[in-house]
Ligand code: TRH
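Starting off, we have a lone chain in the form predicted alone, written out as structure tokens.
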């Protein structure tokens, strides 16, 4: 049956949705946590701050459960944090689409659901929420319409970004206040370590969080930390980086294990919720992050960071990395800017960058005072811009 025939059936048989704004968000889990991490934060913020009814469609609930333990992978329909969560399966049900439909990261909507969109009058606002990029072309493509070649539907491309000409960054309204309260509260910090069943590191230890994709540079960095003069405590959730850490340790590892070698201590953490992960970032001196979700949260943590960007074919990710570094380093002193760029390129395996060396890491440590001040200033500037969720709500209301 064609999409147009299905749409006529929907128009004849389905009641029009309630007056409250209802949104559908579709998430195809690609790399375990990044896509669902962004979609889950967006869905919660829409419900909590904008009074939107949200249906979040997720094709892989097991990964979702890792960042939200309230999710039961066996349940096809459930609610969590004010959001209706649906298991997105091949056998898609007949239902009325919401007022807004978000196709996150170019996942393809089910044909039956598209037919329902055609059957609605007026049709939903259809958003393709794209990946975050600092590249110059993003501003010119943000919010552009794309009429469907066959159906009476229009899709709008919505790009997160770092300036006012883009969709902005995901940020809850109370996030800066929560971080500042945590930084000022020894009791909250004690409770965080207690929840992880860990004792806080000594004050003179450099505390580093490590969350990356599989990366051969991990071994180099761990070895440098172990042989250095500064004591380092590395907090590593059990993820894809585990094999490199196990190779360094020479034995299998699990959550709760620790490894000591020279001046380095590695503590293996269980995979934590998004709320706990924010506190982890706030607690550390340096945050090694990956993908998009943790990358943005590290910026809100206002701490120096090292980003492992999602690898792409033909090294397209290095262009995106360079665009971000151009923007991020614009107000840094020359020496700090140079070491930040060199370390990022080496960490991401850029062909001409070479390996991470003891000297390069020493330069990073020397630049830390400048990097800390810059991270705080960067967060302050970005926080003055409208957040992605609010931008999205305002845009969609203008189209309804």
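Worth saying up front: this structure is predicted, and the values here are computed from it rather than measured. Positions refer to the first chain, counted from 1.
If you look for the form predicted together with 2'-deoxy-thymidine-beta-L-rhamnose, you will not find it shown, but the lines that follow are about it.
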| property | result |
| --- | --- |
| Location of 2'-deoxy-thymidine-beta-L-rhamnose contact in the predicted bound form, chosen stretch of 91-99, 255-263, 138-146, 208-216 [non-hydrogen atom, 4.5 Å] | 208-216 |
| Any non-hydrogen atom of residue 162 within 4.5 angstroms of 2'-deoxy-thymidine-beta-L-rhamnose in the predicted bound form | no |
| Distance check, residue 226 to 2'-deoxy-thymidine-beta-L-rhamnose in the predicted bound form, heavy atom within 4.5 Å | no |
| Contact label in the predicted bound form: residue 310 to 2'-deoxy-thymidine-beta-L-rhamnose, heavy atom within 4.5 Å | yes |
| Interface membership of residue 268, 2'-deoxy-thymidine-beta-L-rhamnose in the predicted bound form, 4.5 Å heavy atom rule | no |
| Contact residue in the predicted bound form, from 158, 277, 300, 248 (heavy atom within 4.5 Å of 2'-deoxy-thymidine-beta-L-rhamnose) | 277 |
| Candidate from 178, 329, 318, 272 lying within 4.5 Å of 2'-deoxy-thymidine-beta-L-rhamnose in the predicted bound form - any heavy atom | 272 |
| Stretch 35-53: residues contacting 2'-deoxy-thymidine-beta-L-rhamnose in the predicted bound form, 4.5 Å heavy atom cut-off | 35, 37, 41 |
